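The chain that follows stands alone, in the form predicted alone, written as structure tokens.
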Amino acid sequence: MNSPDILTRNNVNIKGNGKQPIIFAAGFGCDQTVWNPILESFEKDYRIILFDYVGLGKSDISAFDSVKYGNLSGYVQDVLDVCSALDLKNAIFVGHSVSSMIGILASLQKPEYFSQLIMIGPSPCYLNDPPEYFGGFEEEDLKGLVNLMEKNYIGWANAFSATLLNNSERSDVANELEDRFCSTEPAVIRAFAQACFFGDNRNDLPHVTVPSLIMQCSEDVIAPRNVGEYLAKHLPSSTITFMNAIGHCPHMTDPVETALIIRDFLESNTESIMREDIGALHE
């Protein structure tokens, strides 16, 4: 597939007036519009790259393959394809939720594409594995989630969006998430759920060479605090920041705090931003 086809397939959009590329990758079941609340904070100083994973948002749904996208490697390939199509080097990667692990796996294959990984609500494994690891869910919990998705998709979308937010004061954002899930093909969501919730990337963490920021939310049911602390302990060259924002989607519920933490991290790590070798960045 040539570069123009990849950019169309993944609905790539480029904004901003800066030179340093910053890629924003949405989390489970979401598209690039979830980043809208924080984009203004980066448009002056960065070249913002937005995209949708195949099957989501305004991507080319005809390119969706349930086998390819039944595990994270399919989504990792989407990221690598976009980086290759834009001829990127040393780009900042901001991933929400499962996109944090997708960014890590992409960096293991092509570290030259990335200067920093910024991870919002990351988790290397959602399943509990006592006594050393508690991802937050028992296997039967996740199987029940998928089962509900298959039997009552709208009911699942309602329940899961509320769980993600875990904040009764932001029912508006929960409703927005529910609408996003309901507007997506259930087969796409089921494949993504399989890839997202049943993976285990803990063994990949020590091999990461790209510096990273872990943004740990308060009262996050999907990625609890101990998961963030596990990541900070096992991920080389990592920094963890504990947020005041409640729930799993701070870029939607608390965009000011989210943007401020990202900017503070980037401004305190200016070496890569000052690099000249950041790729051609074709549009």
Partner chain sequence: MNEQLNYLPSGFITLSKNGIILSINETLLQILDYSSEALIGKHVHAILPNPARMFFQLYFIPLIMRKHLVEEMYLSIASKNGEEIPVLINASLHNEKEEAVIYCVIIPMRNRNEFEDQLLLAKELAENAFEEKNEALIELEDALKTLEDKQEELKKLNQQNLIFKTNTEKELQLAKKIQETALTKDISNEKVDILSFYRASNELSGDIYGFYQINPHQYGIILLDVMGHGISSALITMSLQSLFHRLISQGVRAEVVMQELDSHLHDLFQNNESAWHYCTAIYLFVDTKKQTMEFINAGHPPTIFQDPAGQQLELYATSPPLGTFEGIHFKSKTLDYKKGARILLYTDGVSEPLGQENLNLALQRHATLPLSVTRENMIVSLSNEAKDPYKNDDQCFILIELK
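None of these values were measured; they are calculated from a predicted model. Residue numbers count along the first chain shown, from 1.
There is also a form predicted together with the partner chain; it is not shown, and the following applies to it.
Candidate site formed by Gly29, Leu145 and Lys151: every one of these residues places a non-hydrogen atom within 4.5 angstroms of the partner chain in the model of the complex. Think of it this way: in the model of the complex, the partner chain has a heavy atom of just one of Asn226, Asn36, Ser66, Ser237 within 4.5 Å, and the residue is Asn36.
Taking a 4.5 Å heavy atom cutoff to the partner chain in the model of the complex, the contact residue among Asp200, Asp141, Asp87, Glu112 is Asp141.
Remark: Gly57 does not count among the residues lining the partner chain in the model of the complex, judged by a heavy atom distance of 4.5 Å or less.
When the partner chain is considered in the model of the complex, Gln216 lies well away from it, no heavy atom lying within 4.5 Å. Under a 4.5 angstroms non-hydrogen atom cutoff, the partner chain in the model of the complex has Phe181 among its neighbouring residues. The shortest heavy atom separation between Pro211 and the partner chain in the model of the complex exceeds 4.5 Å. Judged by heavy atoms within 4.5 Å of the partner chain in the model of the complex, the contact stretch among the candidates 187 to 195, 100 to 108, 75 to 83, 113 to 121 is 187 to 195. Of all the residues from 215 to 241, those having a non-hydrogen atom no more than 4.5 Å from the partner chain in the model of the complex are Glu219, Val221, Ile222.
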